[in-house]
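Listed next as structure tokens is one chain, alone, in the form predicted on its own.
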Amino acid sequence: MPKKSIDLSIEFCGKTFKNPFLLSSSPVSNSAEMVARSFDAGWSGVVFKTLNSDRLKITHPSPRMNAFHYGAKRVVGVQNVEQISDRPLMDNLADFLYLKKHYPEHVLISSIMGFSNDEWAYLAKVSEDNGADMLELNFSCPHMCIEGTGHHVGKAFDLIERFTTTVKNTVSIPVIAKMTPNITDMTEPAIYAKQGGADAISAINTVSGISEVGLEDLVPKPNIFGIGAVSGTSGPAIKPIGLHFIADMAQCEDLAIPLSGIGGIETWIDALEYILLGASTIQVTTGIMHYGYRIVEDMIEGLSDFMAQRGVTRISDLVGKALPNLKTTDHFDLGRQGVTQYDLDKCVGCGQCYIVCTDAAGQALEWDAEKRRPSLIEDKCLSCMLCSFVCPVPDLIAFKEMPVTWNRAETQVMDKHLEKEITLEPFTKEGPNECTC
């Protein structure tokens, strides 16, 4: 299929986005100049950095961020203590007018966070009056210390409903509620937002965390002159959490409203995974912090190539496409089993597979020290696939389903040092029996 026939446009809350990619409310969407550069690069919309009503003077901590590196991988995550916009409200509203004048086909979403009902209403009204196409209600900033703001609202469901209702009664434009991930079940607060009138849900905001502790001064980072704090963590490290919450909400029959996916998105594959699990639009911050606005070019190209190869013409046809295959673990077919298989022609003899299998899995590998090659003991293999995770050679180790007639040998737990066989009595409905070891 020719790429020119691919349609990446998506309708979200009654607005058409030329592609699903947006800047999320953050330092990357702090001014009209920055947003304009992103639009020129190919982003279809923006959630502008959360407005400040000028009630409080906002002073950002210094330094305000810390990168979480892991081994050779840079910026696996970013921890930030960034506050809402420190720019005067009038300056931000003037930026709205500039962006809508010069980029009328791009979607401008105003992120707001009030400290009272009246302030929520005021910020909503001035946003609409100055050109915002939608609102995003920030119920999720993880390091707001004032009660009734940020994640404090996101954990108080009655406040979510109350403030959403206040905003909906004030404006005519669509309203998105942004949820906190620092909670066990996101569907419940999302339903309260819907009851308040929310037209869509965005998730997730940053996850509360501590990225690092300085070993010289014993201060958690970012180190603000001797003080650290639990604050928001973003980046690839939190993508599994974001995917989980989006999928939960997409499968919730009592919710059934559009979703905007956020959390750890750097590549077209990351974006596609969110879309396949139910998100219609995608918001990005940390990926831009790492690589700049230009990453949208790769995301557009990669997504278009994937669709062309699969014969999919419209991106909307992929939204939620993976959900029928997502079920609870009791749906697994336990009658089908398998083992690992090794393409030893590719093996470099590092021995890492043998180490992890021996120390953390089924002890299913024997090691030929002379040839430096593993040999699989099939009836001991647990198919955990740990060996494939640590193997430095792509596609050397794969999963192989075994015939239905094959069964793993009954494994006996043996204390090799005492040469004593250990047996465990099964659990009964009345309770576990005493161990006979």
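From a predicted model like this one, the values you see are computed outputs, not experimental measurements. A residue's number is simply how far along the shown sequence it sits, counting from 1.
Quick note: we don't show the form predicted in complex with a small molecule, though the next part is all about it.
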Can you tell me if residue 281 lies within 4.5 angstroms of the small molecule in the model of the complex, counting non-hydrogen atoms only? no
Report yes if any heavy atom of residue 61 sits within 4.5 Å of a heavy atom of the small molecule in the model of the complex; otherwise report no. no
I'd like to know whether residue 200 contacts the small molecule in the model of the complex, with contact meaning heavy atoms within 4.5 angstroms. no
Evaluate residue 82 for contact with the small molecule in the model of the complex, applying a 4.5 angstroms cut-off between non-hydrogen atoms, and reply yes or no. yes
Please pick out the stretch from 234-242, 121-129, 309-317, 192-200 that is in contact with the small molecule in the model of the complex, where contact means heavy atoms within 4.5 Å. 234-242
Of 260, 285, 340, 180, which residue is found within 4.5 angstroms of the small molecule in the model of the complex when only non-hydrogen atoms are counted? 285
